[in-house]
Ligand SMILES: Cc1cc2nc3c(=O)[nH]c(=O)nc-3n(C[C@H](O)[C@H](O)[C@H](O)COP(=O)(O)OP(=O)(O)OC[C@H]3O[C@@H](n4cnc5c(N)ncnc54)[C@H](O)[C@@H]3O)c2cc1C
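Shown below, as C-alpha cells, is a lone chain in the form predicted alone; questions about how it binds or moves come after it.
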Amino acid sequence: MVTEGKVWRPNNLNDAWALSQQLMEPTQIVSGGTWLRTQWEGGALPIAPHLISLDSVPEVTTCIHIEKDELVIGAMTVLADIIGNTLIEERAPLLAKACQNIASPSVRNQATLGGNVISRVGDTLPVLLVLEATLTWCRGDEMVNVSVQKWMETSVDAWGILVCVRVPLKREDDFSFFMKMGRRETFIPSLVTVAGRGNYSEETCEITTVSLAAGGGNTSAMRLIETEKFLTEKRCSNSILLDVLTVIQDDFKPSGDPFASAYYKRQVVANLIVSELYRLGGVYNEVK
C-alpha cells in the first residue's frame, strides 16, 4: 500500500543537500521516480515521510556535454534523451543501446540515468562499468568523484546526491556489444544483461584489451575481471572459446530468482559473451 509523504522541491543543489541532512525523519531523494514507484507499489520499499524531488535542481537536470576528456551526463537526464542525443551516439553508443532496451517508451520518457544507476540493478550499469565511468556526488560543499566499479563494490547506495555520470573518451574500440535477455521481448525486467568492449588484432588474432561486465534481474552488475585476464593477449581459437565458457561461469556470480536459477543465468551470460567473441574475424575465419 502506498502512503503519502511530504514532497520537497528545492531549487538548487545546496538546498537539496541541506534538506537531506536537516530533516529529522527518513528522507528519499527522487529523480524520475519510476523505480521507486515500482518498489512502493510492490511493497518492497516503504515510502519515506519526506521525498526530496530534484526536478527543479538545475545542476542535475538534463545536461549532456563534453568536459575536457569526458562525456558528462546529468543525473536527471531521462533515458529517452540519451537515446536521441548526437554526442551519446558518437561517444557512447553502448549507453544509448542499453537505454533503448529499458522498459517502455512512456517509462523511458520519465526514468532517469541517475535513477537507473542508484537502483544498483539497472541495465545501464554493465555498460557504465565497461566504459569505466565515474559518478560525481554532492556532499554539501564537497564534490566526490568515484568510479562506478568502486561504488558497486561498496554497500552504501548513496554517497550524497548523484549529480552526473562521467564517461572517459580516451579509448577507441574494435568491438563492443550490449545484450539483454528477458523472459519476453519487451517491457520486462532482464534476466541477464551483458556488455563488452575491446581491441582485437587481426594480424595476430589476439584480443589485446577487453572489458566485460554482466548483471540484470536482481543481480548487481559486476566486472568479469578473471575472464578479462584470461582473454587478454590470447590468440583466439575455438578451444580458447570453450575454455572461456567455463571461466565466465566461475567469474559471474548472479542471484537466482523464481524464474531462473543462478546456474541458468551463468550459462546464459557465458553463451552471450562467447557468441560475440566468436564473431571476431580470426575465429570466424578459422571455423569456416
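For clarity, every value in this text was computed on a predicted model and none was experimentally measured. When you see a residue number, it is the position in the sequence shown, counting from 1.
Just so you know, the form predicted together with the ligand exists too; it's not on screen, but the next bit is about it.
- Residue in contact with the ligand in the predicted complex (any heavy atom within 4.5 Å), chosen from 102, 82, 207, 92: 102.
- Checking 29, 221, 224, 231 for any heavy atom within 4.5 Å of the ligand in the predicted complex turns up a single hit: 29.
- The closest non-hydrogen atom of residue 119 lies within 4.5 Å of the ligand in the predicted complex.
- Put simply, residue 249 is far from the ligand in the predicted complex: not one heavy atom of it is within 4.5 Å.
- The ligand in the predicted complex is not approached by residue 56, whose heavy atoms all lie more than 4.5 angstroms from it.
- Put simply, residue 75 is close to the ligand in the predicted complex: some heavy atom of it is within 4.5 Å.
- With the ligand omitted here, the record of contacts in the predicted complex names 106 to 114 of 194 to 202, 84 to 92, 139 to 147, 106 to 114, defined by a heavy atom within 4.5 Å.
- Using a 4.5 Å heavy atom cutoff, 35, 38 and 160 all lie near the ligand in the predicted complex.
- Residues from 224 to 260 do not approach the ligand in the predicted complex: none has a non-hydrogen atom within 4.5 Å of it.
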